[in-house]
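Consider the single chain below, provided in structure tokens and representing the form predicted alone.
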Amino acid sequence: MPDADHVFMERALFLARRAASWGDVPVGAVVVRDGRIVGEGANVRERDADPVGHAEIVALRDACRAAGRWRVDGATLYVTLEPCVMCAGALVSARVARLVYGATDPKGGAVRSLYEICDDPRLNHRLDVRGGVLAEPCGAVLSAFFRDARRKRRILAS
């Protein structure tokens, strides 16, 4: 039987594929508390012309609206790509207890790759972090999206 991290990451992957269907970078996220999803989101930057429309932010907003408060103490956020600086900061601010991510982001990751915001002892909150859960399929969705985008640009340029 798959562990809970894999089950919830599969849902995040489903949401990532939805983001790709409307032209956004395929990243999906879910917020889980007490074994159930309380918030979810996918990238909507392109769709909504929203510079902060990252999957993590959308999922956190959804969870906070449902809870009626800005904190999600005790929750785990699952996301298909290592969070950026903005999203890692939001996770700290929202008091997320645990982060589980799929693919690493060597160009923009702020949890392990470029920075370690979720572990920074200077901040008022730290998260438990588990990276690399379903990393291969999470990375494959992103790779396919960017490969297709490059192919389309080459066709348009011809």
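All residue numbers are counted from 1 along the displayed sequence. Quick caveat, the model's predicted, so the values are computed rather than measured.
This protein has a second form, the form predicted in complex with a further copy of the same chain, left out of what is shown; the following refers to that one.
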property	result
Interface stretch in the predicted bound form with a further copy of the same chain - options 41 to 49, 28 to 36, 97 to 105, 125 to 133, non-hydrogen atom within 4.5 Å	41 to 49
Whether I57, W70 and V85 all lie within 4.5 angstroms of a further copy of the same chain in the predicted bound form by heavy atom	yes
Stretch 103 to 123 - residues with a heavy atom within 4.5 Å of a further copy of the same chain in the predicted bound form	K107, L114, Y115, I117, D120, R122, L123
